[in-house]
Ligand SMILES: C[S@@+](CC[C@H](N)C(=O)[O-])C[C@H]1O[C@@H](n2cnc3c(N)ncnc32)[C@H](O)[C@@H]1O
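Heads up, the chain below is alone and in the form predicted on its own; it's given as structure tokens.
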Amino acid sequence: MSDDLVKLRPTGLAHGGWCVARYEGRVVFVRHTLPGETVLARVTERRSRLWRAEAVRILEPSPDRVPHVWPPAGPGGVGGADLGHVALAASRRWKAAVVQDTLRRIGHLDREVTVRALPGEDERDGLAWRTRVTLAVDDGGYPGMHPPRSGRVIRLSGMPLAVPEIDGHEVFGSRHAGASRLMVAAGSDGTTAVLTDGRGPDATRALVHHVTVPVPHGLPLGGSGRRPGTGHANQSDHGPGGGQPGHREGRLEIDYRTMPGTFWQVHREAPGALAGAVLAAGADLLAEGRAIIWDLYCGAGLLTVPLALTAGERASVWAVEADPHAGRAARRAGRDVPTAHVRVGDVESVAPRLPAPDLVVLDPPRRGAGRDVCAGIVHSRPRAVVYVACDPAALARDAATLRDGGYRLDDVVGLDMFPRTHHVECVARFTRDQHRDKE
């Protein structure tokens, strides 16, 4: 056996798409495998107590293993589909287990977590969902991606996790001399934009994102007034197969416009699913029709507009975004919704000047909100907090701060917004502990 090859039997999971094994007393983080398998793995990094490896031969496969959906992202290949060898249902169980373990280890919180598929995901087999792809450029000028933890570029002819407009885009067959990075983004109308090192004629081309948001039963639809085409409410009756017989379910149809470089949820179905999950988490306060709501790190206003359209005319939504381009997009999205107020600036400096909230919604960057912001939220004494997180560790750290400030973690819902990868989005709801208030 080569010195670089070892026989491993992983038994656990770690965040980042890794399985955990042991070899001669060392912990080995290994990719491209599943717990319970026996694999021959190539060691890619050696430290005194921890090794990293990737499985190159499967000796005893797991029943959850499937042929890799994108072989260029398999062993020795690019990143971007690190769970491409795992059956979709099993990958969602994997992610749920990682979130639960992270909450327990870092936040000392025990909560059962379920990760839900987005609409149509099983039918697409976890493919054709990315609406934005960032590519590196190799020495010959052709686009590709990096292997994990490497600066090398592997040339690609397509990207099957991306929507067809991107997967089949001519950018993959073209030479881009002098460029170091390409970004291809697509709107929901099929429009695409290509940026070269963040620049180019497409940099100012607005992309349209049509979003359908499911609205929980009992919430008002569109009571704030707005022009059709910007944010409007539709209702539909569903018989058998659409929920309980006779149940009336509403939906919001909202068009957003962003520049290609402005942050937007990358999965085509993610904006509607995420906004619907946030509305469900805050439904009790929204239904009162008079809540003051903070929407922190609001981005292009994805959550701002649905919150305002369902909270009632006596409510108000105060949205805060530091990036000026995203802030302008949020103002455009909410310009015909009188109860939506967008403020551009850092959350730390703007939030203390806002009216005291009943509900705080926050969707911070991957690093999380941090102790100071969470302490500020605690100080503002909202009745509930809805926290959107793309990193389980950041969620666990901030959840611990909220708990120490008197807030109870009621629920955590996982959304599989990044299928075939280890990433997962979580929506967590916290409520103020009334018993702590009386102490």
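For clarity, every value in this text was computed on a predicted model and none was experimentally measured. The first residue of the shown sequence is 1; numbering continues from there.
Only in words, not in the display: the form predicted together with this ligand, which the text now covers.
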Given the stretches 365-373, 152-160, 116-124, 95-103, which is the single one in contact with this ligand in the predicted bound form, using a heavy atom cutoff of 4.5 Å? 365-373
For residue 259, is any heavy atom within 4.5 Å of this ligand in the predicted bound form, or not? no
Could you tell me if residue 179 has a non-hydrogen atom within 4.5 Å of this ligand in the predicted bound form? no
Heavy atoms within 4.5 Å of this ligand in the predicted bound form: does residue 305 have any? no
Taking heavy atoms and a 4.5 Å cut-off, does residue 287 contact this ligand in the predicted bound form? no
Proximity to this ligand in the predicted bound form, single hit among 282, 357, 84, 299 (heavy atom within 4.5 Å): 299
Looking at 255, 165, 348, 336 here, can you tell me which has any non-hydrogen atom within 4.5 angstroms of this ligand in the predicted bound form? 348
Taking only heavy atoms into account, state which residues of 251-286 are within 4.5 Å of this ligand in the predicted bound form, ordered by sequence. 263, 265, 274
